[in-house]
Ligand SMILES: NC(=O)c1ccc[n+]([C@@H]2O[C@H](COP(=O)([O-])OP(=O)(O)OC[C@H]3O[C@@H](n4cnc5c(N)ncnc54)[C@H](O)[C@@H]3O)[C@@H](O)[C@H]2O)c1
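What follows is a single chain, given as structure tokens, in the form predicted on its own.
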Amino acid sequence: MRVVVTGGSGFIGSHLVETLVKRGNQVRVFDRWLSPEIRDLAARGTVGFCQGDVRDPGQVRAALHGAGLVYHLGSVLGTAETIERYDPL
């Protein structure tokens, strides 16, 4: 199955990607950065990598093209920026 993992370079995401690959899935990682673990898998052609931001609808649409399943693990790293920008309406 073709699977996309948003946030696939993070701690949980990279472990999920490894498990999905071991189970025979075609995996594409969509993330803002490329972790060493995912870089190694991408270099071997085991996974695809699409750099982008989940806040950009066009980038998300392109990353999800052809996927049969999506695991959404993309998030903001840390809470300081989120708290700074929080606007309770």
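Sequential numbering from 1, following the sequence displayed. Everything numeric here is computed off the predicted structure, so don't read it as measured data.
What comes next is about the form predicted together with the named molecule, which is not displayed.
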Closest heavy atom of V54 to the named molecule in the predicted bound form, within 4.5 Å or not?
yes
Non-hydrogen atom contact V76 with the named molecule in the predicted bound form at 4.5 angstroms:
yes
Report task. Please run the contact check for I12 against the named molecule in the predicted bound form: heavy atoms, 4.5 angstroms, yes or no? Result -> yes
Query - is_contact(R39, the named molecule) in the predicted bound form, heavy atom dist at most 4.5 Å - result: no
